[in-house]
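As a starting point, one isolated chain is supplied in structure tokens, in the form predicted alone.
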Amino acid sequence: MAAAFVLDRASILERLGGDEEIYAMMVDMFVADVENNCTALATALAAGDVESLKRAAHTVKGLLATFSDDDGAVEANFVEKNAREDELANLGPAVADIQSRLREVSAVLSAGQA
């Protein structure tokens, strides 16, 4: 299980050249899409759709990495790797963990915007 997500806003802003507007836009997009991303992962897994699961996990991995969530990105990479190898049988708990992580990160980001 991953450690709790801690927002390192300064580090993220540094990578964005200090652009507060881009940061705010990225946070808004992440928060707005979190449930769509959770649904995409669950739907792909339930359907046994390897390509869709691989794509959804890759997308989530990038989103979490953008916000310096290395632990979450590692979890998403695990799902992506297993999907790539067509090993979906035991990914239910991993997908559930990623969904929880996405929601956690979204809540922290939303609170950090206030």
Partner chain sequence: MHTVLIVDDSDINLTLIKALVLKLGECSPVLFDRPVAALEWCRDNVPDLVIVDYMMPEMDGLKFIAAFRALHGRNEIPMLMITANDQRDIRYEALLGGANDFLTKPIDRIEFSARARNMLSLRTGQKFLADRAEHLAALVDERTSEIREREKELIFRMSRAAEFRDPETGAHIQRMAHYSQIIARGLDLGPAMEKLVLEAAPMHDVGKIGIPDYILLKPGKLTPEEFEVMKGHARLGYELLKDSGSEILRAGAEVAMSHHEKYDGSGYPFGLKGTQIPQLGRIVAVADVFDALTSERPYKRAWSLDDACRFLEEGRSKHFDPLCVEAFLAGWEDILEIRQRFRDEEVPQI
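These figures come from a predicted structure and were not determined experimentally. Residue numbers count along the first chain shown, from 1.
Not pictured, yet referred to below: the form predicted together with its partner chain.
- In the predicted bound form, residue 88 stays away from its partner chain, with no heavy atom inside 4.5 Å.
- Although the partner is absent here, residue 84 sits far enough away that none of its heavy atoms falls within 4.5 Å of its partner chain in the predicted bound form.
- Mapping the unseen interface onto this chain, residue 75 falls outside it, with no heavy atom inside 4.5 Å of its partner chain in the predicted bound form.
- Looking at residue 25, you'd find a heavy atom of it within 4.5 angstroms of its partner chain in the predicted bound form.
- Taken together, the three residues 3, 35 and 48 all stay farther than 4.5 Å from its partner chain in the predicted bound form, as judged by their closest heavy atom.
- Along 17-32, these residues reach a heavy atom to within 4.5 Å of its partner chain in the predicted bound form: 17, 19, 21, 22, 25, 26, 29, 30.
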